[in-house]
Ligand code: LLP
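Presented below, as structure tokens, is a lone chain in the form predicted on its own.
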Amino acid sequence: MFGPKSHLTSRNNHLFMEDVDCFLLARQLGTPLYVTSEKRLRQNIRAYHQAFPKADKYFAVKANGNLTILRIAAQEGMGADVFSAGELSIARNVGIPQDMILYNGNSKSEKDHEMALQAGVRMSVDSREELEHLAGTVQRLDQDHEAEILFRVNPDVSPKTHPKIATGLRSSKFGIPAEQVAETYKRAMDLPGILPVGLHCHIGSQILDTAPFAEAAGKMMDIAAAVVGAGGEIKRIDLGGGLGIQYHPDTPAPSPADLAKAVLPIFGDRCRDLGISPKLILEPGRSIVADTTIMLSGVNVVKRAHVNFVAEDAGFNVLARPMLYDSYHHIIVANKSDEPAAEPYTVVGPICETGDILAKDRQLPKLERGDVLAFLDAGGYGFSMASQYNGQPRPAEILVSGDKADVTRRAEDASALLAGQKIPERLYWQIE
């Protein structure tokens, strides 16, 4: 499964990322290990720029919060969609300008509002209630500039994706119901210190059909028409992200160019009809970063029971998606990349949970202790969802460029498990 993944090749039975031998890298630095191709990351971003030359693209920081990856995104002209004060801090640290950051979220605290206002970034307001709270905070801070906001809309669009990552359904916790948006927009226009500038939606993640995006674009333009009819001015329309990638060899995914063909005609025609010229914003995350990265893990045990179990050193603490969403990640044996499949294996991790299964019944070459498995397409919601469960420190992250491999995040050691903890003095007594 190398196909379009030009950054991955097989040479002398070893998997290479660009010009780096992944098996030798794993031997040198240890496993588990996340490894990212700079070349592929820049290619993916430029594909969006080519497909949407006039739109702003805000990288969804929740997909991958690695500083180096975000720095590259900033160099390539991307902004940031952030969902917390922590993500806002990361985006500002890598040099993303405040005018290219949108602070999203359905449950912002007063502290969240304060940080966004002090940073001078736009916010996506998720409800009428949030609007009123924000207006109070603006008045209390008595800033010399208005708070620019977009309204997060619930467009009631049903994408074909996992229910846990479908965010545009009427039953979703996100956004203002479409029929309430114009009235809420008009209310914002009357609030001192608040400047509504546009609309925002996001219908889900890992969507493999462009039709739901076209439907969402049409509904957003209907809402825009209602806002304009109520006297509102719309300067920005954010259609969110959610474009899927090809995780499985037999499941192709649309490209940014395919997405552009689906939504740009609707956006352009409706804007002309309404006599408006808002800036279009997209929020790609997974489709920018997922296929740039592999997760390497080392085989510890091959156990023949009712199935062939391969126990390796990365569980759902390192790659959570298979457990959370029954997600598929293609596996290549990094030191046997040219060898044919020999038999089926169920790949499990070291975590004390029966559900710690990363792959079921995969046809792989004959495996043994010391082999290294490469889980493909691990750059989106991989390390960003990793945990320290079972006292497992989180792994290192590496950036590959040509034949160079730079550590962009050191592997944690046991000290990371103790960080911030303190035993009260009264509990220090002699144990007999």
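If you're wondering where the values come from, they're calculated on a predicted model, not measured in any experiment. Quick note: we count residues from 1 along the sequence shown, nothing fancier.
The form predicted in complex with the ligand is left out here; the points below concern that form.
Proximity to the ligand in the predicted bound form, taken as a non-hydrogen atom within 4.5 angstroms, holds for one residue of 216, 80, 131, 243, which is 243. Comment: the ligand is not present in this chain, but in the predicted bound form one of 122, 321, 336, 108 has a heavy atom within 4.5 Å of it, namely 321.
With the partner omitted here, the stretch from 176-184, 278-286, 356-364, 337-345 that lies within 4.5 Å of the ligand by heavy atoms in the predicted bound form is 278-286. Annotation: in the predicted bound form, residues 31, 309 and 394 none come within 4.5 Å of the ligand through any heavy atom. The ligand in the predicted bound form comes within 4.5 Å of a heavy atom belonging to residue 104. In the predicted bound form, residue 267 stays away from the ligand, with no heavy atom inside 4.5 Å. In the predicted bound form, residue 55 stays away from the ligand, with no heavy atom inside 4.5 Å. Among heavy atoms of residue 27, none comes within 4.5 Å of the ligand in the predicted bound form. Residues are counted as partner-facing when one of their heavy atoms sits within 4.5 Å of the ligand in the predicted bound form; in 55-82 these are 60, 62, 81, in sequence order.
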